[in-house]
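The chain that follows stands alone, in the form predicted on its own, written as structure tokens.
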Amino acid sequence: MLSAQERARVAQVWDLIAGHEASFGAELLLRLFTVYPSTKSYFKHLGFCPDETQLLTHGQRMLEAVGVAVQHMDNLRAALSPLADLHAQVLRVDPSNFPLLIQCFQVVLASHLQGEFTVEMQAAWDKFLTGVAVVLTEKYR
């Protein structure tokens, strides 16, 4: 799926994110809910107006899952199988929402990492996150 150079770029960006998973994740959720309000229906456990603690907690969990994917880039299916089962069989998230999440995540990365998030890194992350989304949607079939 990813070339050696792309894997290195994904890992390099992840190193920049490390330690900030909760805040990046919370911002990702806020951006997602603002730009695509319909996505909030999948986060009913956060309530109508989630507080900062709820956003940080769920954001941390989301980015921890991305971290697992980064650590297992060569075997995403095995690493993400439980998460794919959860989203397809329990949460029943419409797969069309994954590209929306990817788009918002890219904006969060660009806004925080600015010059460090080069075009090449953005392309590698787009390819990587699209691969993650593909794996998460395979259980829908």
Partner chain sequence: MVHLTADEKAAVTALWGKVNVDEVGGEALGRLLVVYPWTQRFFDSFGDLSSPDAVMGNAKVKAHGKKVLNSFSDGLKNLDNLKGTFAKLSELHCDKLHVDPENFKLLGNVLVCVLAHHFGKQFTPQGQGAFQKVVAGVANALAHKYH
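Only a predicted model underlies this, so the values are computations on that prediction, with no experimental measurement involved. Positions refer to the first chain, counted from 1.
Below, we turn to the form predicted in complex with the partner chain, even though it does not appear here.
Let me know the one among 114, 53, 89, 75 whose heavy atoms come within 4.5 Å of the partner chain in the model of the complex, would you?
Answer to the contact question: 114.
Would you kindly say which of 84, 62, 69, 104 lies with a heavy atom within 4.5 Å of the partner chain in the model of the complex?
Contact check passes for 104.
Is residue 120 close enough to the partner chain in the model of the complex to count, meaning some heavy atom within 4.5 Å?
Residue 120: contacts the partner chain in the model of the complex.
Looking in the model of the complex, any heavy atom of residue 58 within 4.5 Å of the partner chain?
No, no contact at 4.5 Å.
Please tell me whether any heavy atom belonging to residue 36 falls inside 4.5 Å of a heavy atom of the partner chain, as the geometry stands in the model of the complex.
Yes.
Looking in the model of the complex, any heavy atom of residue 40 within 4.5 Å of the partner chain?
Taking the distances in the model of the complex, the answer for residue 40 is no, it never comes within 4.5 Å of the partner chain.
Since the partner is left out here, which residues of 1 to 28 would have a heavy atom within 4.5 Å of the partner chain in the model of the complex?
Nothing in this stretch is in contact.
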